[in-house]
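Single chain ahead, by itself, as C-alpha cells, in the form predicted alone.
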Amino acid sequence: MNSNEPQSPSEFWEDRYQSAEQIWSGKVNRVLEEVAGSLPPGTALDLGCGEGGDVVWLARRGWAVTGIDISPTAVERAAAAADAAGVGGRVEFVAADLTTLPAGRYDLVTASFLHAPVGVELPRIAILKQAAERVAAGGHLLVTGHAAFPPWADVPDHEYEFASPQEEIELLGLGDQWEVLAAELRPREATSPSGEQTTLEDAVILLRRRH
C-alpha cells in the first residue's frame, strides 16, 4: 500500500494487534457487566470482540456467544482465551468485515467502543443499523462508545465531534418498535498510558426491541 494512502479499518486493526502480544486487559467492559448481569442468559453477538474479554465473561454466565472482529489476530487470541477459560464450547468467533454480520437473531447484540481513529474510515452507523436487525423480539441492543477524546489523545487539528447518545439514536432511525432504556453519559475511571488516574465519559445506548 502507498504510505500516503489512508489505512482501511482492517489494516489498521491488524497492524495494531500484531504490534503487541496483548492490547486489552481481558476484563469485561463495565457497562456490559452492569447491563447483562441483570439479563437472563440467551444468545449474544459481540461486534468488535477484540481479544474476547466480553465474550468470555458472557459465556461464563451461560450465554451462547458469537464474537466478530475485523482482525484475524484478535480472533485467534479471543478463541485461545475462551479455551483457556473453559468456555470454548459456548462461543464462536468470526474474522470478518463488520459490515457483513452473521445471520440469525440474538437476545443481546453489543458493541463496545466500536470506533476507528480519525482518518480511518469506519461506517459506524451502517454497522449499528445491521446490528439492530440482528436483535430478536424482546432482545437488547447495547452500544457503548467514547463521548470525547481522552486527555492524552492526539486530537486532530480539524474539528471532530462524537455524536451524543441521543444523536446516535436519531441517526439509527429505528422507529417505534424500539424502547429506549438508556441514552446517557456514564463516568469511568481509567489509567493513562503514563499511569495517571483520570475519569472518562462513555456514551451508552441501551435499546429493547418490542415484542
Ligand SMILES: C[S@@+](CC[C@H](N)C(=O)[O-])C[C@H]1O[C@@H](n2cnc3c(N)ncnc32)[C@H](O)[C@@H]1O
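Position 1 is the first residue in the sequence shown; the rest follow in order. Please read all numbers here as calculations on a predicted model, not as lab measurements.
One more form of this protein, predicted in complex with the ligand, exists but is not displayed; see below.
In the predicted bound form, the one of Ala79, Ala85, Ala132, Leu114 near the ligand [non-hydrogen atom within 4.5 angstroms]: Of Ala79, Ala85, Ala132, Leu114, the residue with a heavy atom within 4.5 Å of the ligand in the predicted bound form is Leu114.
Option touching the ligand, based on a heavy atom within 4.5 Å in the predicted bound form, out of Leu142, Ala59, Cys49, Ala36: Of the listed residues, the single hit is Cys49.
Counting only heavy atoms and a 4.5 Å cutoff, which of 36 to 44, 179 to 187, 165 to 173, 66 to 74 contacts the ligand in the predicted bound form? One stretch meets the cut-off, namely 66 to 74.
Is Ala96 near the ligand? Define near as a heavy atom within 4.5 Å, in the predicted bound form. The answer is yes: Ala96 has a heavy atom within 4.5 Å of the ligand.
Does the 4.5 Å heavy atom contact test between Ala136 and the ligand in the predicted bound form come out positive? Taking the distances in the predicted bound form, the answer for Ala136 is no, it never comes within 4.5 Å of the ligand.
Any residue of 14 to 29 with a heavy atom within 4.5 Å of the ligand in the predicted bound form counts; write them all down in order. Tyr17, Trp24, Asn29, in sequence order.
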